[in-house]
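Only one chain is given next, in structure tokens, and it is the form predicted alone.
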Amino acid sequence: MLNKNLLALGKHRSEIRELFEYGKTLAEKGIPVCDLTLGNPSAPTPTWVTDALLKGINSENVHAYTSAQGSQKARQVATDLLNAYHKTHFSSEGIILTCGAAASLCGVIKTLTESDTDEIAVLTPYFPEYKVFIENAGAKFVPIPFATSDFSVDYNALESLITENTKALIINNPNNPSGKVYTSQEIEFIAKILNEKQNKFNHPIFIISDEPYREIVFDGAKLPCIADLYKNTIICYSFSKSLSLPGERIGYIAISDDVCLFNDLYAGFLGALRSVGYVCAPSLFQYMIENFEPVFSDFSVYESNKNILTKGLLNLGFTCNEPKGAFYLMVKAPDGNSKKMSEMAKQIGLLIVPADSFGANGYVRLATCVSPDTAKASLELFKLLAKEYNL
């Protein structure tokens, strides 16, 4: 009687959410817990955001409908911000404001999917909801394995797994869950493979550049503009991480004039969003964008936490990567069993997420967007884990 796939999604939350809800239950009972599960930004929201929202609430017509693609002024500001960051020449005519990057991704994937033989590839490790979005659109989810401990791309696997049925490749840069920043050289190599495949199969293969963390980079890392390195790039963006607004959904889809099928893609994105009931992005947050001030959240706490945790974990004998962006960290389970490690940690009040569902078997993911006190307290609990593993 009901859609079994959707019923299953509703009944069984992701492991991230299950652990997060467990942590909330403990906290409500006054039981101490170090929760490193959810990417919930802890850096304060810039004051101008609150000021703009309060001003907007008292403005006339701020709660009214806008055009489906968003107000012209908000789209122009979003375009200017994109061009200022990436040194590009996008036009506001290629921007659609959405309810965050997830809505953008769903709209794009739905537009690109024509039949159940279509494939959407993703670089591993990946945000688990990609699989949900892709399969819900009726396409086949194709993970591209990583090659090394720094989560670099396995180019041989990419070469073999991009097929005639491939419609797009999703690249999340900086990456959730690893914090890896794919370099210009890496993107150029990916672009070379995809261009060869486009020519071979005589149809476009798009890169979907998922960029909600693009402002959060560390140690002088440079985030390449994928759209400059590969013509058929579709950008999905959210303001939720850069402004610490995860609970308020505002973002956009962006394509440049150089993208093939520009007009059809744009119309398809609008149609895809319309088909699932999106009328327009929240008008109050469009107003916020219209009154944007060039001040983002202070990301220094994320870099500090990253340094505290990586140094502390390595000193304890754990193996972990060195993130260059976002606010996540991957730790290798000493015995290769990430679910066991997560459960052991749970028993001592430390919540960490098995990364198997991220395509990284044997690792756990830590969200480092917590308070410095939580980051330091978690190391005390990792000391107990280290003893359990005889490190």
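Heads up: residue numbers just count along the shown sequence, starting at 1. These figures come from a predicted structure and were not determined experimentally.
Beyond what is shown, the protein has a form predicted in complex with a small molecule; the following relates to that form.
Peer 1: With the partner left out here, check for me: in the predicted complex, does some heavy atom of A102 sit within 4.5 Å of the small molecule?
Peer 2: Heavy-atom contact with the small molecule at 4.5 Å: present for A102.
Peer 1: Although the small molecule is absent from this view, report whether Y130 comes within 4.5 Å of it in the predicted complex, heavy atoms only.
Peer 2: Y130: contacts the small molecule in the predicted complex.
Peer 1: Going by a heavy atom distance of 4.5 Å, is S238 a contact of the small molecule in the predicted complex?
Peer 2: Judged by the heavy-atom cut-off of 4.5 Å, S238 is in contact with the small molecule in the predicted complex.
Peer 1: N305: heavy atom within 4.5 Å of the small molecule in the predicted complex?
Peer 2: No - in the predicted complex, heavy atoms of N305 and the small molecule never come within 4.5 Å of each other.
Peer 1: Okay, which stretch from 241-249, 187-195, 85-93, 266-274 lines the small molecule in the predicted complex, with non-hydrogen atoms inside 4.5 Å?
Peer 2: It is the stretch 241-249.
Peer 1: The small molecule isn't shown here, but in the predicted complex which of Y182, F206, F285, Y213 has a heavy atom within 4.5 Å of it?
Peer 2: The residue from Y182, F206, F285, Y213 that makes the contact is Y213.
Peer 1: Within 4.5 Å, heavy atoms only, which of N172, S178, T233, T111 is in contact with the small molecule in the predicted complex?
Peer 2: Result of the distance check: N172.
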